[in-house]
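What follows is a single chain, given as structure tokens, in the form predicted alone.
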């Protein structure tokens, strides 16, 4: 058995592959050149540049839907900032944290304190002790510290974290703490305490979605690095770009399509052509839906679960006349809100207000999980109509694993 496993590994090592470097096709790879984000790079650099001469840069909040280059651009600028720091000996430091992992004020502060005192074991210490370690470091080193918090809306006690980080600047005799907040949700700042909004949101940027031509240019650059010469066609790349452009201009989705198409073609020792991109689309869409669902906050997930449950059955509300029989139902926002409240009560949870419910719908639509439209006059007044964007069976299956 051992020899057989070893043989398989050796076969894989010796196998001809069309990949030059798979990592280049990963959405997490940050290339040396970011096409069609030059304007955004220049603006972030201008905002952070004062830090290199010990001046206080403004806080920056960056918004935009998934795959618009927010993370890659921020990481790219921070990398360039550190390169300049090394060259000129500037007193600047930075950290990038994904708040899907560091999702409480304690976890964020623990990471900051560990950077300040890497030789100490700080796990288990009180928040106040971690805070003191971090602020002492900034103060004693007289450093401008830039904390980039990606998916910042995932932090459960966010207002308390932001209050602590901004309060640090009131007590520091030297140095300064600057925050870069990154969020997929343009409406994110509405959830902040008014005091946080007034002190934090000094500079704001919205990253627009990529169009098909821009996505094609991005993919072609990655393919040149990631795939061997003559192992892909430009028409296949253009098709992947077109598919991604329909998915809110998501560059991550485009890269996943090309990577999956490359894997499928690699298994058959062929080049990446349109056929493999089409096959990759089905596999990637399912992965993306499950991934999105797993990141949903609890109440958003319950709203989506309610929509999926109602989509395939008759409810208290009359079906719309133009709906074809046997298809998923177009739902009224009122019946979805009632279903959401019923599900919350069934699971012993306190339902959120109608205002929060409307916000959940906005965010689910922005992620492409549902579509909505205003009914117009004559259909129960001007009400909001809701429809699933994916087959309800897939959504229900993924949500039941998450919620139960």
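Positions refer to the first chain, counted from 1. The structure presented is a predicted model; accordingly, all values stated were derived computationally and were not measured.
The same protein also exists as the form predicted in complex with a small molecule; that form is not shown, yet it is the one meant from here on.
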Three residues, 128, 131 and 141; all within 4.5 Å of the small molecule in the predicted complex via heavy atoms? no
Among 103, 184, 166, 233, which has at least one heavy atom within 4.5 Å of the small molecule in the predicted complex? 184
From the list 172, 122, 72, 245, which entry has a heavy atom within 4.5 Å of the small molecule in the predicted complex? 72
Looking at 275 to 283, 86 to 94, 257 to 265, 210 to 218, which stretch has residues with any non-hydrogen atom within 4.5 Å of the small molecule in the predicted complex? 210 to 218
Mark residue 344 yes when one of its heavy atoms lies within 4.5 Å of a heavy atom of the small molecule in the predicted complex, and no otherwise. no
Just checking whether residue 37 would be counted as a contact of the small molecule in the predicted complex - the rule being heavy atoms within 4.5 angstroms. yes
Does any heavy atom of residue 31 come within 4.5 Å of a heavy atom of the small molecule in the predicted complex? yes
Indicate whether residue 368 is a 4.5 Å heavy atom neighbour of the small molecule in the predicted complex. no
